[in-house]
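The chain that follows stands alone, in the form predicted on its own, written as structure tokens.
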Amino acid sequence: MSQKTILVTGSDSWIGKWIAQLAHQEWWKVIVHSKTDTDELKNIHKDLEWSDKLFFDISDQETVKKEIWEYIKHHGCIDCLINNAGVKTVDIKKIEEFDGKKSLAEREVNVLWSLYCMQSVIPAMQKKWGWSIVNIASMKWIPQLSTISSITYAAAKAWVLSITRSIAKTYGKDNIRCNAISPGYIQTGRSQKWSDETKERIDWGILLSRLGTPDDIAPVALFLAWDEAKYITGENILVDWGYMLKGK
């Protein structure tokens, strides 16, 4: 079996980094990515033998096309895209604080960027007849977990799920699978800034005894990427440590 190639956007930290590392362990040819050639990107590229490195701004549609198409032209098809890059930038406590410009910027990061990447890899996947796309969403789209602080982030991630199903439905005929993962609360740099009140609420809602970590998400992403999930498409896997059952 020939080695498959996987592009993990935002792979210089947290979830993306763990996915890239696990993919390397499972014998994928990994393309690591960041917006700029950061020290973190250089380090992971160095650590992952025979990996490739791309750095470009995925908020620029034409740049995304150019960089990905140039890679495919010189190295061959990208068999799997992990759309991991995304941020939560809007955090409000009441509707009076809502800022339309900031909210539109957050939507662009979490929705349009993933579309730019899919737009760039799908034509090559069609020619090769298949393989997979995995979009990283969030459990915040779940209605019972709605909060004012995530008012636009939740909407953006719900949009990601809608896009996932649209791509799956449209390109299934080409054997292209598109699925999503909705992580719950994860230990990242952002979690270190949570208030005591937030930590207490999250701890109360988790059924499986601990906060999640990026290495809890990586195996799910690789499962969806690989042949073990060859008949799964248009689906979303909730990885929330039981939070939806109890949390609020």
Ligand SMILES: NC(=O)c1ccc[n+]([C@@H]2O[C@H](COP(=O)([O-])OP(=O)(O)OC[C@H]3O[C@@H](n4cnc5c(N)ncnc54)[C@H](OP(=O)(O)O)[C@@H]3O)[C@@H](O)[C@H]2O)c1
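One-based numbering along the sequence shown. What you see is a predicted model, and the numbers here were worked out from it, not measured in a lab.
Keep in mind that the form predicted together with this ligand is missing from the display, and what follows is about it.
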Every residue of Ser13, Ser34 and Ile58 near this ligand in the predicted bound form, heavy atom within 4.5 Å: yes
Under a 4.5 Å heavy atom criterion, is Ile186 part of the interface with this ligand in the predicted bound form? yes
Does the 4.5 Å heavy atom contact test between Val87 and this ligand in the predicted bound form come out positive? yes
Should Val109 be classed as touching this ligand in the predicted bound form when contacts are defined as heavy atoms within 4.5 Å? yes
Check whether Leu81 has any heavy atom within 4.5 Å of a heavy atom of this ligand in the predicted bound form, and answer yes or no. no
Tyr171, Tyr71, Tyr153, Trp131 - the one with a heavy atom within 4.5 Å of this ligand in the predicted bound form: Tyr153
Within 4.5 Å of this ligand in the predicted bound form, heavy atom basis, the matching stretch of 131-139, 118-126, 162-170, 144-152 is 131-139
Quick one: name the residues from 207-235 with any non-hydrogen atom within 4.5 angstroms of this ligand in the predicted bound form. none
